[in-house]
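Shown here is one chain on its own, the form predicted alone, set out as structure tokens.
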């Protein structure tokens, strides 16, 4: 499905990603764990192509230079130079950190905005699926995004990403700032989405405990570098991982 090799991202003189290799197979859930500033969001921006937009905006504004090295293969094709819009059309869709829904738009408007790549039948079927997966949203169709709770906003953000018809869904810290109860709902939904939609999913989180039970494989980032990888049993049985990311 996707394989990235030798990814390096520099913000001016700061190394944000340091020779990262990561892969995600078809119908897999891959976890990426790491503390704040470990490089998780930069990795997601790089895989989705948004880093290219960041680089160009910084260049136009005369800000810090952003340099990107490495290669990304997706479905057997080199997509390293593709724009984020082109990657989205190929099925790589990012659900960003901190939700970033359109807070002035209601739930239905947010979902319709996400469905700009979908046909009318795809949009209808996906919307029905979203309301089945997140029944709380169905009762809030006309509520403005800014008046949703954090958990409801995250459900909406994932739903909006699904409307874009992803083949590879990138979830950047979807559990951030949410209660354990809401986290459990979202983790269960993520597993169901993979099983029912046949998607591949890469999910980043600071704490591995809620997510590790559903991942097939995982990577640990520290200071921009992938320092460890393995399946969930290997990581769960590693004392360093248990101490740093499980608190045990």
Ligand code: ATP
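The model shown is predicted, which means the values in this text are computed figures rather than measured ones. Positions refer to the first chain, counted from 1.
Just so you know, the form predicted together with ligand ATP exists too; it's not on screen, but the next bit is about it.
Within 4.5 Å of any heavy atom of ligand ATP in the predicted bound form lies no heavy atom of residue 190.
Mapping the unseen interface onto this chain, residue 59 falls outside it, with no heavy atom inside 4.5 Å of ligand ATP in the predicted bound form. Looking at residue 64, you'd find a heavy atom of it within 4.5 angstroms of ligand ATP in the predicted bound form. Shown alone here, residue 41 lies within 4.5 Å of ligand ATP in the predicted bound form, counting heavy atoms only. Taken together, 19, 219 and 240 are entirely out of contact with ligand ATP in the predicted bound form: none brings a heavy atom within 4.5 Å.
Residue heavy atoms within 4.5 Å of ligand ATP in the predicted bound form occur in exactly one stretch of 22-30, 41-49, 190-198, 210-218, and that stretch is 41-49. Heavy atoms closer than or equal to 4.5 Å to ligand ATP in the predicted bound form belong, across 82-101, to one residue only: 97.
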